[in-house]
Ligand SMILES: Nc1ncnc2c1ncn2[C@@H]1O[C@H](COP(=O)(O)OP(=O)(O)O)[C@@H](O)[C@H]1O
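Okay, here we've got a single chain as structure tokens, the form predicted alone, with questions on binding and movement later.
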């Protein structure tokens, strides 16, 4: 770098980032002519979510243990349907605990609920909180559940249905992030299914007496085929060269696979050998989480064939593992393309399952190659689908676990069954204060101070209204009766604008929101509030009637704070509007100016006038005084508009 030249912006950014992380600067200034770097203390810190979870590990663990959300979650067992959702949580491994990982997933087997505690930080990166999310399921399995328990609830019933020999179709689908125990669970289910499959078809009298079965003399033949769906292509995993297969639409609406190799095992051992051979040819990729992460969907079809007719079909699908960018050491363009293909296939699978669960007549199975290969499992009447979602308990994989469970819930269409709650986390200092008794006293003092300040603001506003009310009453009393010919006092006359351009003096009124058009007298007559009869406008009887009503109303109100204002001759600038004509924005501004509250969306002035005193108090957070100010303030605005209209009528009658 030349003498006197400043370092490049990228070098400065690297230096600041290095100092912010607490490490020595890796960018060395030039020996001459270079500006020295700032060696002062770093006051700005920013960490990602995973780093913050490890730094505040003890606080999060303590809050998760004390939280009552897990005990209060409602029952989440889903009703019977063609699509069943199962959740399995794997245990926390010893090497993960040594790295500082902790358990953030809890499973309630009795309520069929899985709760994920998302440990997060507020924007200030100092305060912590937990985002609890509860997911429903048909059955949930905790880390204490054995493979036999999972098989008895998930794959076992499907296998029994298929082995009846009545042409039944069943699908078992495994979905989850890499490293969550997905392949481990599938392997255990395959071993148990291989044993029970041959026991069921060889047992005498096991097949039913359905007319759909052509013959019950000989047991059916087991035919196995294994496919790999990677992107937009399919390959045969039983072929030594992984030959590519093609899917052809048949005239009857079915899908036929050309170029596939089929195996016919005669024992459970041979069937397991076929499974192992197919898995050895499956496409995998090494990531930071799993050395053999599945990058494709594996479809295993187990057919029961008797006299060239399929009398039962069980399909096992091991979906590709989901990873994020942080989970791969070399996230290349090819890996990103694979991720996009996996997401598109999962979306197509979701659309088919949602249509199947809702009983729709049209199943969109042509949207992806994966759903085309599973066409029989979606369109066959009486078909059953079981989805097992595996999740990891570690705090690092929190986003993965939530994404997996949300996805399988969307397949069933039960997103509205998911419940969430936010809960603040106490720091170690706050816990120490709670133990010593300092924190409760501080919280009470803070709450009392807040309530006192709020009461002072409401009282000050109420006093201001009282002063305005008193000024209005004094101004009203100074106006002579309408029947006399005396001139109005100068104080009540509207002040013309000054020649210097200064604005008109502000009135002591309540400053209602102006309307666009000026008020005009309405109606051809005037109804007397005393006698209840209509008299002709401009007549002497009308003037005497209004004067009598004004005196009676003034006498009845007594000049108190919340008294009536009927008949009050009050002078106000032109352009006032009745509260019932206010829009939502005008009503919101009025409420915010009076009681400092935000009006609910869609509430205009007409709806606001219908609010009772009790509703106003409830809207003001049970504050009686603020609710009274709001309720009576609206009535004062109505009275003010009536007074302005009355004065306009008086002026018209006086000119006549």
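Here the structure is a predicted model, which is why all the values come from computation and not from measurement. Numbering follows the first chain given and starts at 1.
Keep in mind that the form predicted together with this ligand is missing from the display, and what follows is about it.
Shown alone, this chain has one stretch from 338-346, 408-416, 181-189, 257-265 that lies within 4.5 Å of this ligand in the predicted complex by heavy atoms: 181-189. Put simply, of 247, 129, 465, 93 only one has a heavy atom within 4.5 Å of this ligand in the predicted complex, and it is 93.
Out of the listed residues 177, 194, 371, 300, 177 is the one that sits within 4.5 Å of this ligand in the predicted complex by at least one heavy atom.
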